[in-house]
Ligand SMILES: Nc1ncnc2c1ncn2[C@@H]1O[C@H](COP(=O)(O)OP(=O)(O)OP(=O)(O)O)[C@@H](O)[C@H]1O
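The chain below stands alone, shown as structure tokens; this is the form predicted alone.
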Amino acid sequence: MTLLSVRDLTVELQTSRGMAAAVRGVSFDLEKGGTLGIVGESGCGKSITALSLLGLLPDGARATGRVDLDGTDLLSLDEDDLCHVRGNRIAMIFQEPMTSLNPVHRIGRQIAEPLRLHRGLGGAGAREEVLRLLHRVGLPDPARRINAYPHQLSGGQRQRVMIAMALSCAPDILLADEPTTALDVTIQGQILDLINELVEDTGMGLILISHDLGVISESVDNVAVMYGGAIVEQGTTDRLFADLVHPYSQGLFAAVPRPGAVRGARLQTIAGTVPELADLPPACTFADRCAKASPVCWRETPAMTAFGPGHAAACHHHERRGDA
């Protein structure tokens, strides 16, 4: 059952050089209980795509296309209607909890806010539910920490608070935007295990955003690779990682450090740098960095081409996928 359907989502942002497309014709589906990973370099459009689902785009931004949640186009909703969606139907875990949590309010009050707004709980009922949530996400001694301020908690503990807040209204969809970026490796694993356990237990859909291929490969069932605001390859995790088709996907995979590599050996890199939004090529966004690019890559936007069940890529030179 399709829970969320995104079709031809395009987001333009105001820049010093005028409006520029940060997201270009993105389309994907999320099934009820499904997990989708969105991967790519910084600036590829991952976070803007997620924020557009909640109507949290910067001032002056324009979003077009369609974002269907159970038949309702979220892009057509006004601010009041979106407030009923945020934290209730769709919740988000942000990259850095220290900047997402309010430093002047105790964590118990912050977790209780969506419970009051969306579920009508107050007083003892809200406190009881907050304690249950803090216990569920593994925060030590929740009865004492419910009165703590964010700065009194470690990075991993603050992220658990963010997860508790996101889960407070039992959302249909959880957006996790680089939820382990600021954490050490051990805590990263704990947080990812917790998120996956909660998704499995509750049946909610998960969209996990990351630049880390290892995190994506171990955490989700489906993957979308983004570059320059466009999805260049997508499919089931097993199929996509077994046969990377797009040159950008191949470059990302080749740049990952390998166990057993010679000490001091240079890592492979993708030639060039990510251009400014206003300087992205007009058709294939990867054309100016791709060794396989030809004139058609600059003239025509490549269509998504299927490479078997559950795997597709947008590349004019897909027949040369073994050359990378």
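These numbers come from a predicted model, not from an experiment. From 1 onward, residues are counted along the sequence shown.
Another form exists, predicted in complex with this ligand; not displayed. Remarks below refer to it.
Contact annotation: residue 135 falls outside 4.5 Å of this ligand in the model of the complex, judged by heavy atom distances. Taking the partner from the other structure, this ligand in the model of the complex has no heavy atom within 4.5 Å of any heavy atom of residue 305.
A residue is said to contact a partner when one of its heavy atoms sits within 4.5 Å of a partner heavy atom; residue 13 meets this definition for this ligand in the model of the complex. In the model of the complex, at least one heavy atom of residue 45 sits within 4.5 Å of this ligand. Proximity to this ligand in the model of the complex, taken as heavy atoms within 4.5 Å, picks out 46-54 from the listed stretches 46-54, 27-35, 293-301, 65-73.
In terms of contact with this ligand in the model of the complex, the residue from 84, 116, 106, 211 that brings a heavy atom within 4.5 Å is 211. Using a 4.5 angstroms heavy atom cutoff to this ligand in the model of the complex, none of 218, 233 and 309 count as contacting. In the model of the complex, no residue of 215-243 lies within 4.5 Å of this ligand by any heavy atom.
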